[in-house]
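The chain below stands alone and is given in structure tokens; this is the form predicted on its own.
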């Protein structure tokens, strides 16, 4: 469903992603992990077409999105749902209005009753039934994450991109969100790219994994293969400060 081939992305002459090649099989989850600033979220923006790569190819459901026009990209984006790091809910809209926002924008033929049914169904799917009238300021961090996921799901995407979905959450809530990611994979069959530095989330939600370090992939494989690696990968997963990890 997603394949990156030798992707290079630069900003002002500085290489952020350096020769990135990965693939994500249909109905599986690829996790990008690494230190802050390694380029994880940048890769998600490249997959969604928000960042224009310098070279390489990115295939989404068989179509190379590199070089597409904005109109062509919007057609591809209909297959993709984005779950932002801090949910990115609209503060002035209640939960119902937030979750239905994309539906109204992308499908103007839907009647209000149909929209309400879709919103209700997807709120129930993420365990948030009955909160339609609440404002974002009335929600906890974990609730906002779930609402953000429901907003992505109402578009019935084939692909979900998660940007640090457990950031800022307590361990129990973070574990619940990780289990929810697994649920989306198992029950809906969605293909996912997950960006996180939370090791417990990595252990719970991943099928395959890639570790980015200073813009390069230094480890890539199944969960079992990654957890058997040494060097920087092992340091990251064990939270060790021993060795030559460079933080800049």
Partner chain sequence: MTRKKPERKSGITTESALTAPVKAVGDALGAFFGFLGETARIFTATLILILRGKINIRDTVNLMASIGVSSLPIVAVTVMFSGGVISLYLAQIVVKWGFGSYTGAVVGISVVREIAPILTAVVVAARAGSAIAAEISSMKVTEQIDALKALAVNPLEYLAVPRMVAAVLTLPMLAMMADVAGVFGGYYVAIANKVASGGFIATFEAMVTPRDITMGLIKTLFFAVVIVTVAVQQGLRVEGGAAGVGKATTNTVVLSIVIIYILNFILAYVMFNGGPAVG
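Positions refer to the first chain, counted from 1. These numbers were taken from a predicted model, which means no experiment stands behind them.
The next section is about a form of this same protein that is not shown, the form predicted in complex with the partner chain.
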Query - Single option in 175, 106, 135, 115 placed near the partner chain in the predicted bound form, where near means a heavy atom within 4.5 Å - result: 106
**Report entry** Contacting member of 199, 182, 50, 68, with respect to the partner chain in the predicted bound form [4.5 Å, heavy atom]
**Finding:** 50
Query - in the predicted bound form, residue 110 touching the partner chain (heavy atom, 4.5 Å) - result: no
Requested in this report: Find out whether any non-hydrogen atom of residue 26 is located within 4.5 angstroms of the partner chain in the predicted bound form, and reply yes or no.
Outcome: no
Query raised in the report: Using heavy atoms and a 4.5 Å limit, would one call residue 151 a contact residue for the partner chain in the predicted bound form?
Result: yes
Requested in this report: Using a 4.5 Å heavy atom cut-off, state whether residue 94 contacts the partner chain in the predicted bound form.
Outcome: no
Query raised in the report: Out of the stretches listed (139-147, 164-172, 124-132, 83-91), which one is close to the partner chain in the predicted bound form, meaning heavy atoms within 4.5 Å?
Result: 83-91
